[in-house]
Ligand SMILES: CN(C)C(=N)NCCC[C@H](N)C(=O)O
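Okay, so here's just one chain, in structure tokens, the form predicted alone.
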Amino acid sequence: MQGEAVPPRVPTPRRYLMCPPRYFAVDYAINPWMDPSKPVSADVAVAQWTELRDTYRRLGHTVEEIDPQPGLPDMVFAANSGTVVDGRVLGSRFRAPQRAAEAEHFRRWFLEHGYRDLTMPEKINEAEGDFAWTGKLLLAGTGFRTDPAAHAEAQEVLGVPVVSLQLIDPRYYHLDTALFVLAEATDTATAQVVYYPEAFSPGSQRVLRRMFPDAVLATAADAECFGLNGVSDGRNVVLPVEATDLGARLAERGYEPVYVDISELRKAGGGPKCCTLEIRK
């Protein structure tokens, strides 16, 4: 894009649901990042999470909170607990039994806050962990967590087109560790995304190239620090503090990188997006 005019980026206020990591721990291993033999600190996790929440608020976004529950240390990763498009909610059903009870707590939160158009899935579906809304369609990951049949279920429940993508690297077990949307599609512009090609099967890489020829391509170093677990409002892009190379490339596209420390949360395989469920009314 050297020599080309960078289009102005316009942020859009967002509404997020988050869960404080009061009971944060790594007592089991359900992804390659988790090691129960290594020490973790709930206090550090809470401090990092609080800074992430406060960063969203400083950027003009609304953050609502759900109460954490003892015995559910991964409840902090709220993105895995629901997908909301146009106020319609598709809940989650976790593959790992250690997380199964989280789904009911989030279901109750949505009902208590007036979301009546809510469906709990029949198929295993880890929500925004594997579903990325582009403004026009839903990108849906599979390969490690979400059942491929959940993609059709999401299309039926949410009433939006769904494009399936196959993940092949166990380190990037959810779509939101390998891809995120920088700017949603509008009536006059296509969506812009950033992704790590090697996390996807050859066929899915071809699909992504066809759909997003102007995508930002991430490196292995970007992916390894959870740089692909970012959150964008169309201008401001919240990234792990280590993802400076990716941030510099995004800045060349007119985005504003905003760095946060998620090092403690990453010990459980999570980053900014994992902690952030977007409520789209």
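Computed from a prediction, not measured in an experiment: that's the story for all the values here. Quick note: we count residues from 1 along the sequence shown, nothing fancier.
Although it is not shown, the form predicted together with the named molecule is what the next lines describe.
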property	result
4.5 Å heavy atom contact, residue 19 to the named molecule in the predicted bound form	no
Contact flag, residue 274 vs the named molecule in the predicted bound form, heavy atom cut 4.5 Å	yes
The named molecule contact in the predicted bound form: residue 244, any heavy atom under 4.5 Å	no
4.5 Å heavy atom contact, residue 192 and the named molecule in the predicted bound form	no
The named molecule in the predicted bound form: contacting segment from 76-84, 106-114, 200-208, 135-143, heavy atom within 4.5 Å	76-84
Heavy atom within 4.5 Å of the named molecule in the predicted bound form - the one residue of 40, 216, 30, 225 that qualifies	30
Interface residues of 161-181 toward the named molecule, as seen in the predicted bound form [heavy atoms, 4.5 Å]	173, 174, 176, 177
